[in-house]
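First comes one chain, alone, set out as structure tokens in the form predicted alone.
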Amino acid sequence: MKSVLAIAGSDPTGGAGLQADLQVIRHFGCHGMGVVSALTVQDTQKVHSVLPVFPSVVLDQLRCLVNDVQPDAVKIGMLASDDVVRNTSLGLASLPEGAPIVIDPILFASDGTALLERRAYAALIELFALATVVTPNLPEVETLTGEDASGRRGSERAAARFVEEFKSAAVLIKGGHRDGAPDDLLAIRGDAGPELHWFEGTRIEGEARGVHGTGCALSSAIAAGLAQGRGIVEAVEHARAFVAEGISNAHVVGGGAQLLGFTTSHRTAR
């Protein structure tokens, strides 16, 4: 069985963060491991407060774990502070060479609460150079690049910055915040410029109330696919189908956003 390490914040609702990552990783037939980077006080309606884990403890968790078990892929989510970002980078040096790294650059919660210190943005961008793929949503893209990514041309300009200036091997710009069809853009670094793949998206009935944890699920699903030997395009396609199905089967557990509904149709024995 392949193993995937998730480095992420804790979400007590289980709908996002480390708890959701581990559910998704297991759903794809992989063994999930977790390093906690932050604690949150939240429910399905909002994030009430955020407490980063001591940076040295994040580093100790990583070094201790990887010294014993070397993951086949890594998913990185919420990191909360600049010191946690830097210690995560130090810890990644212990990874086996070539292990895929998926970074979901979480800057804000859905309710607008900051989940990463503003002063940490530069350190996060430096971390992108280690990434197999970065998976920002449109607000995160626009915050980090300064580009208007609402249209296709703007998304393509922003994608070029991720792979050429930020040095990520690939970027998947998620279009869920886009007006109209929520198309996603995958850009892969190439010798002649970024190789672009547009994936058509459709709005799914029931999204109006909001569905919590879609970005976490998508990045974890991609990491699991890469761990199992899928190519980046195939891993993204498989993960997008999984999240779309999860949105279609979303369910209510509290007074706020819905949570993804997991099924068994995307389980794989690879």
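Numbers follow the displayed sequence, beginning with 1. Bear in mind that the values here come from a model prediction, so they are computed numbers and not experimental data.
Keep in mind the form predicted together with a small molecule is missing from the figure; the text below concerns it.
The small molecule in the model of the complex comes within 4.5 Å of no heavy atom belonging to residue 52. The small molecule in the model of the complex is not approached by residue 225, whose heavy atoms all lie more than 4.5 angstroms from it. Using a 4.5 angstroms threshold between heavy atoms, residue 61 stays clear of the small molecule in the model of the complex. When contacts are judged by a 4.5 Å heavy atom cut-off, residue 16 counts as touching the small molecule in the model of the complex. Only one of 145, 132, 81, 110 comes within 4.5 Å of the small molecule in the model of the complex through a heavy atom, and that residue is 110. This chain is displayed without the small molecule, yet in the model of the complex the stretch 40-48 from 24-32, 53-61, 240-248, 40-48 comes within 4.5 Å of it by heavy atoms. Within 4.5 Å of the small molecule in the model of the complex, a heavy atom is found for every one of 9, 106 and 115.
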